[in-house]
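For reference, the chain that follows is the form predicted on its own, supplied as structure tokens.
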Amino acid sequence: MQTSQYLNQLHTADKLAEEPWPEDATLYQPYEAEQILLPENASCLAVKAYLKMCNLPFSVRSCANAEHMSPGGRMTKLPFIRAGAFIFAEFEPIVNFVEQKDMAIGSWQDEDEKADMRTYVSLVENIFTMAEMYVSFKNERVYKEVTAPRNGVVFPWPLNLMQNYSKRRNALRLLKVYQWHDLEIDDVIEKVAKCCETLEYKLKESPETPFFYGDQPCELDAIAFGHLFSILTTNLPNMALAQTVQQFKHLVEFCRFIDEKYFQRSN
């Protein structure tokens, strides 16, 4: 049985590598203005940044039931991308899909540097996603004023109440799995601050270059931008996360650089 599964995986990998990147690749996400939540927005922005850094064409389709259309995922289930016959959800599986096709950024890195970089990627995804979920679902004011209204906006009453209950229950379960459920807000801020310190230190190792690993981007640049920029630009009743990130000027400048270079926005 294990041999059969392994052969199937090899066959899938070969198919991924053989097929060209489809011109009609579509990234699915919730509606940005009315519906998307902070953790989802961060994940979606990270994937968009990565695909733009790879110079791969894709369109964005916003739909109310994007989360329920997703094939699943470890954290947010979003975004998911349909590329030809293949569908992948969340940052890491989408990155792995692109790497199978030899179109990924970071191919210039050696194995040791890739391993080091992926340690940072895991740190960023785990710390920031958990912090974003904590603030969105554990902080009562944020939940009542922002999370619940946005999450339930596309559903009629009483389905919106059921959807909010289910969404919050799943988020709290995930926080418990990662041992964030019983933390106080000060503990969350401390974890975010330490992660920012680690990122800023890494960024300052190459002071003459704009990216984390020199003058070319890698997946760490995409995922760090997605989370940091979303935190900085999302208006919440509790702005503790944004205020923490704002203390790290090199990271703020990094976000401004990536935003202007790949999204053609200024200020």
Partner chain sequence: MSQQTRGGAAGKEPGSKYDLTKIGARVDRVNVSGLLRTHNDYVMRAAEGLFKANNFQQLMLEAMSAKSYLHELGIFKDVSVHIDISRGPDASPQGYEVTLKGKELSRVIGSAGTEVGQNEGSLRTELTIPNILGRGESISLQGSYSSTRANDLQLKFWKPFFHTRFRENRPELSFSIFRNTDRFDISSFQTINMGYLIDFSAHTQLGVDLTHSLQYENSIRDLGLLNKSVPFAIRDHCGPKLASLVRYSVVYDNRDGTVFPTRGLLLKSINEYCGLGGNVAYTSSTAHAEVNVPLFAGFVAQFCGRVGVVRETKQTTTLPINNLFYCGGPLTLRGFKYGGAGPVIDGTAIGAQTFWCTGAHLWAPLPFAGVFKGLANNFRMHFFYNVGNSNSWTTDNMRSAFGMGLALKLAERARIELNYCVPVRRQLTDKVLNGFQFGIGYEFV
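Numbering follows the first chain given and starts at 1. All values derive from a computational prediction rather than experimental measurement.
Below, we turn to the form predicted together with its partner chain, even though it does not appear here.
V154 is the sole member of I185, L172, M103, V154 with a non-hydrogen atom within 4.5 Å of its partner chain in the model of the complex.
At the 4.5 Å threshold, heavy atoms of N164 stay clear of its partner chain in the model of the complex, well away from it. Mapping the unseen interface onto this chain, F211 falls outside it, with no heavy atom inside 4.5 Å of its partner chain in the model of the complex. In the model of the complex, its partner chain sits within 4.5 Å of a heavy atom of M69. Using a 4.5 angstroms threshold between heavy atoms, A193 stays clear of its partner chain in the model of the complex. The putative spot formed by P22, M75 and F128 is not touched by its partner chain in the model of the complex; no residue has a non-hydrogen atom within 4.5 angstroms of it. Picking from 234-242, 60-68, 33-41, 215-223 the stretch near its partner chain in the model of the complex, with a 4.5 Å limit on heavy atoms, gives 60-68.
Shown here without its partner chain, the chain has F80, R82, I87 in 74-93 lying with a heavy atom within 4.5 Å of that partner in the model of the complex.
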